[in-house]
Structures are given as structure tokens and as C-alpha cells.
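Below, in C-alpha cells: the form predicted on its own, a single chain.
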Amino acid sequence: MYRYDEFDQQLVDERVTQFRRQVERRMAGELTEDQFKPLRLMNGLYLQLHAYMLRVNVPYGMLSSRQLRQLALIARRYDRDYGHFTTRQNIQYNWVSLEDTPDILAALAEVEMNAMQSSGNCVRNITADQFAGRAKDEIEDPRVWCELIRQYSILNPEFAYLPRKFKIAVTGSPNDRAAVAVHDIGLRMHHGEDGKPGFEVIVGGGQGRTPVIGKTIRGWLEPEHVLGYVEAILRIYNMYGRRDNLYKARIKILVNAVGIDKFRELVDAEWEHLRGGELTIPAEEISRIHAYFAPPEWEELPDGAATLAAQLAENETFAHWHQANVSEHKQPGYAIVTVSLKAPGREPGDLDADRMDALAELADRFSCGELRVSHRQNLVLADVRQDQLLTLWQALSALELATPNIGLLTDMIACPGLDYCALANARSIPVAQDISRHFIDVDKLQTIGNLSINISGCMNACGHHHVGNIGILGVDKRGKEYFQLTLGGASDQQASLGDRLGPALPQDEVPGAIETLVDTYLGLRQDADETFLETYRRVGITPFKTAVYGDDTSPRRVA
């Protein structure tokens, strides 16, 4: 993984010193909250419903075991003993005090981490496929390009105050695990006519109040021109993006307003001024960054398929976990393991300090000292020997981190909701907990198969409800929490937005409605291999709506 050089470290250290002075001035009353707000946001500090929240960058989801141990220390010393992993592959601390934040940033700097630009109207943390560099279907490792964009965009003064926040995702695989189509810019690697890898550039995707699937602005871009073309897009957005209306400030609004053809014309005109200039990435720089992501020295392992098959046959619980949580690795004899942070009744994405330390130890023992954060709020051990899977599973089981549900119904995304967020209309976490307790039977989960449920506490869509196969949106009805369901969303290479099912439901009716939707799907699917999404796209919304509401889809009366 990328390591700071002396310039990186100096920059981060100086930023900590600068922010420490800013916090001191705020606490002394020399800065008002309005004056302090842009300063704290550019350092990842939010003022939420009950306390300050600090969002820490995890660039393209990569963590070393040393860094995870430091995150555990911060959770114990400065928070309430846990952290929350997010859909941007970051970690948030929800209960920090203002006076402690400079010390937290200093602790992060000790392990080459920071919170710069994790909030504010700037280019946020660059995200990528959590299996980057290890997936068998990968064309090229996307982390190289993520790192180049990160270095280019961090504290770039031209893009420090954009009309609105800006998010970029990169995938190096045809099977999109980075949700590139719902980002301001998505970069999807594919082979060109000459067989060389390059990028399809997608622009104007996003969720929130106006969900949009991004549009292709350029079908083919040579990798060495990524920075120049990204800058051209950002310049046009900076010039023409709306600043008079918070709800119409995202680039998706601009793209839709002028049309993708006109937007492409503007970007290409700007690109002509930049093409071939100093933003063209030299081959030696690409090679230098590639070297940081060289794979570990994998062992040449004997074929252990027979032994693994015997272990799976002997232990049904291990077999369930292996089926759900283990993915194919490009190196023979190795596997990719996703550690579920979605145990029944737990808050999705939360991890306490003791388990952070324990996972850091397991990363050292089983996965070359590295972990990944997925955009579905789980953790990944990407280099596990197949002959050690059973031992790893036993260790994870002892930590209650072996829930066999990756890609299944209870592997839910959920935002913090009204338990923490001042913007939320409803609580997301209790709904996720209710559903996970409702669907605790592992055999049924695996019978249902691949199905994503995403939950947001408000229209800002931090829980990505628009692109869940089943989306759940919290709404306020005369001071009461209700939940609106959508069906048919997806964030993969066939990205789509969900369709509204009908009137919002009270919280206690949501698990039953989900079960009705699932049972309807099981009755409609053509065979066991047809997923919920495939069935929905084949038959449409009507049978699902009828199953949940009968013939009455009129709005529910609220007392």
C-alpha cells in the first residue's frame, strides 16, 4: 500500500498544528461558529445531533494492521470505544469532543492517516473496488489511479471550494464493486480496440434528493490523461455549477440541465487546453506508484482443493460462511475473505476497539498485515491462504465476526440516521436491527440468495437506498417515523434506481413487508439461480405492490 514520504508527512503534521490553533481560537471565542465551520469541515469535523463527529479518510479503503490498531486506540481514548465504517470506505467517530480533535488528528498522522477533505465542498476520499489488486476478473489495479488522483486533488486550491461536495470512484474490473455510476465522476477500466487498458469516464451520477445514474462522457481515455480530463470536468463544474441553491449545486444537476452532449462539448474544449501538458502522467510516475501496490510474495501452494472440500463437507456452519464470505483470488491457493460487520442485532458498520485490535492481529497472521474497507460497510482480508480458512473462520467465530451473510439480505447498508444525524427524519439503525433479527435463519438467507437492502434516514441518501434491490427511506409524517420502500435499485455494472413501492409504513410493519416481498420473489422466480433483482426486472413492480398492500395503496392516515 502507499506509504507517506517526507513531504506527505510534513504536510499532514503542519495541518494538525494549523487546526490546533484554529480550535484554540474557537474555544476562546475568537472565531464564531460560522467562521469556524468551513475550517472544521475541511478537517473532517461535523457538528451532529448530540456531539461532534470526526470522519477519517481511508483512501480507496486500504488499511494496515498498524493503522487499525491506532483507530482502536482513538476509539478507546477519545470516543465511546467504537468506530463506524462508512459507504465511502472511511471510518467515523460519533462522540468526539472539540478540544480533543487536534490530538486525534496528531494520532492519525503518526500512522500516515488524516481527515483532510473528508467533508466540505471539495474532492472527497477517492474510493475503489475493495478487492483491488486481488480479484481474478480485474483488468488492472485501480488503486494506482486512485492514489494519483488523491495526490493531485488533496488541498488543490482550485478545487477547495467547489459548488458542492465531489466524489470520485474507480474500478478496474468489468464487475463493478465500486458503484462508479452513482458518483460525480466514475472511472471504469476496460480494454480499447488496441487491447490496451483505459477508462470509460462517467459523469453526473449521484443519489440524494435527485438520484441520477451517471452518463458516459467519454468512452475511452488513455490512463496517462486521467488527471487532465478530471481537471477539465472539475473546471467546468466550478465555472457553471450553481452556488445559489444548495439542492441544485451538485454536478448531476448541471449535467442534466445542459444535457450530456453540451456538457461534453464544454469539457472537451477545456481538455484541449490541458491535453499534453503538465497533467499528463509520465510513465515513470505511473511505475513509481504501481510499485507501492506490488503484491506480497505469495507462496507457491499445493492444490488444497480436496482438503478444503473435506472441511466444508464435515462442517456445515463453516460451509455456510465459506459460501457467503469467501471470494476467488487471482493467485492459486489463496482466497479473499470479507468480514461481516452485520451480526444480528448489531449496528451495521460499527466495530468496537477490542475487535479492531483482534482483527489487526488476524490481518498480521492471515493476510500480510493489510485490510480493506468495503463500500458496503464490511472489512476484507484479501490474501488468505485457502489452507488457513478454517482456522481463520474459527478465530472470527470467537470474535462474533463470522456472520455468513455477505451479499445476502442481512448484509445491509444503513446510515447513522436520527440516532446521530441532525439532518435525519427517522432512525435507520433500529430498522436494520429489526430486519436482521427477523431473517436470522442461515438456510433461508442462502435460499433467498443475492439481495441488497439499503437504508437511509433521510433523502440525503447516505445509506444508498436508491440503489438497493430493496431500498428503505425514513420519512417524517407529522412527527412520526415512517419508512418508504423502493424496489429494483442496483449499483453494479447494470446500475439502476429503485421504484417507489407505495405509501410509507410504520417501523413495526417494515420487517413483515420485507418478508412479504421475499416470499413473493421466491414464488415468482424461474429457478434458484434467478436473483431478486432479475425477477423484479422480469415481472415488474405490480405483483410485489399487490402482495404488500393488496388492492389498497392509498396513503395511510396518521393520527
Partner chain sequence: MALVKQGKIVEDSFQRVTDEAIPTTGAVLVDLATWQAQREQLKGRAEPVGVVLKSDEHPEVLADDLPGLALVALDFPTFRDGRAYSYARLLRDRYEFTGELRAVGDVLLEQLLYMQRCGFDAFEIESDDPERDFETALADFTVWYQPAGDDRASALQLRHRR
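No experiment lies behind these values; they were computed from the predicted model shown. Residue numbers count along the first chain shown, from 1.
We do not show the form predicted in complex with its partner chain, though everything after this point is about it.
Asks: Considering non-hydrogen atoms and a 4.5 Å limit, does its partner chain approach Glu278 in the model of the complex?
Replies: Yes, Glu278 is a contact residue.
Asks: When the contact criterion is heavy atoms within 4.5 Å, does Thr546 count as touching its partner chain in the model of the complex?
Replies: Heavy-atom contact with its partner chain at 4.5 Å: absent for Thr546.
Asks: Find out whether any non-hydrogen atom of Thr535 is located within 4.5 angstroms of its partner chain in the model of the complex, and reply yes or no.
Replies: Thr535: no, not in contact with its partner chain in the model of the complex.
Asks: Examine Arg20 and determine whether its closest non-hydrogen atom to its partner chain in the model of the complex is within 4.5 angstroms.
Replies: Looking in the model of the complex, residue contacts with its partner chain do not include Arg20, since no heavy atom lies within 4.5 Å.
Asks: If we take heavy atoms and a 4.5 Å cut-off, which stretch out of 200 to 208, 324 to 332, 390 to 398, 232 to 240 is in contact with its partner chain in the model of the complex?
Replies: Result of the contact check: 232 to 240.
Asks: In the model of the complex, does each of Thr32, Asp476 and Lys480 have a heavy atom within 4.5 Å of its partner chain?
Replies: Spot residues vs its partner chain: no contact at all.
Asks: Answer with one of Phe366, Tyr78, Phe159, Phe293: the residue that has a non-hydrogen atom within 4.5 Å of its partner chain in the model of the complex.
Replies: By the 4.5 Å criterion, the partner-contacting residue is Phe159.
Asks: Exactly one of Ile448, Leu312, Leu274, Leu418 has a non-hydrogen atom within 4.5 Å of its partner chain in the model of the complex; which residue is it?
Replies: Result of the distance check: Leu274.
Asks: Mind listing which residues of 274 to 291 have a heavy atom within 4.5 Å of its partner chain in the model of the complex?
Replies: Heavy-atom contacts to its partner chain in the model of the complex: Leu274, Glu278, Leu279, Pro282, Glu284, Glu285, Arg288.
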